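Below you'll find only one chain, the form predicted alone, shown as structure tokens.
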């Protein structure tokens, strides 16, 4: 690969990383950044067009759309990160145990993953939330239950290829226990690949979380949530298109950002592997 192309990829990667950090700061400081209370109703300001006081306009109850988008972004990103953390931890642990111990343990864990993989993840989520009831807590549980299987499959495959390597045999012969081998010697060698998957999944989870909110299974009104805002704006599409445009545009940009960041991470990892 030419030096110029490498430099361009580095610039793109660090640009995406800077944008991700900016979003993290915005999410963390939503209370200070939002110009208005996202739940404050002002019937004298119903469906106002974007202006200096309300850059994204107001909704059908006079609430600031910009403030609601900022808080909605915080909700979506926070839920996606929480679900990713739970799925990543659970799936990686079970996959490593399955791949390293093998036999009955491997068979049991893999049969569970095969069962969950037989159904689309969204269908499983809808079924679980439908049984447990709507609300973000139940959505987190449902998405975590359906999301860990991918990490388990990938981590198991990588552990199977690593457990017979010379450095693992050396660690085993030196008296290291199984848990220590998995944590100290195997996990660092599979973490980067799993991190790429997690980065891609953050954007996917934001869309899924929004989709469940549109179906009425996620956050409930009047909570500021991007999917819920899109759902509520459908009846005002011709009268006040900004109600749908701004939340949809923010969601699109954030999902695209995490997808591109995951793609860049994968390319960097492939470059290091090929060197």
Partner chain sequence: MKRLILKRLLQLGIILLSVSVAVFLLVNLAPGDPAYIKLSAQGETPTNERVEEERIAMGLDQPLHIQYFSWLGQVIQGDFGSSYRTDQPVINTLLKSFPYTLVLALAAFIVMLLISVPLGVLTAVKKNSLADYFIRVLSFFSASLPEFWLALILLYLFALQLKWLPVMGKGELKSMIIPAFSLGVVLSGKYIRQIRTALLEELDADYALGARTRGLTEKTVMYAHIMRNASISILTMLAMSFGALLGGTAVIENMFMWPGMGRMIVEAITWRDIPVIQGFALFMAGVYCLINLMVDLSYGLLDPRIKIRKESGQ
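Residue numbers count along the first chain shown, from 1. It should be emphasised that the depicted structure is a prediction, and the values quoted were computed from it without experimental measurement.
The discussion below concerns the form predicted in complex with its partner chain, not included here.
For the marked spot (49, 67 and 77), a heavy atom within 4.5 Å of its partner chain in the predicted complex is absent from each of the three residues.
Stretch 108-116 is the answer when you ask which of 108-116, 174-182, 89-97, 69-77 has residues with heavy atoms within 4.5 Å of its partner chain in the predicted complex. Comment: its partner chain is not present in this chain, but in the predicted complex one of 39, 61, 29, 215 has a heavy atom within 4.5 Å of it, namely 215. Note on contacts: among 160, 195, 132, 187, the single residue with a heavy atom within 4.5 Å of its partner chain in the predicted complex is 132.
Its partner chain in the predicted complex is approached by residue 256, whose closest heavy atom lies within 4.5 angstroms of it.
Using a 4.5 angstroms threshold between heavy atoms, residue 267 stays clear of its partner chain in the predicted complex.
Interface membership of residue 14, defined by any non-hydrogen atom within 4.5 Å of its partner chain in the predicted complex, is ruled out.
Heavy atoms of residue 53 never reach within 4.5 Å of its partner chain in the predicted complex, leaving it off the interface.
Along 234-251, a non-hydrogen atom within 4.5 Å of its partner chain in the predicted complex is carried by 234, 237, 238, 241, 244, 245, 248, 249, 251, in order along the sequence.
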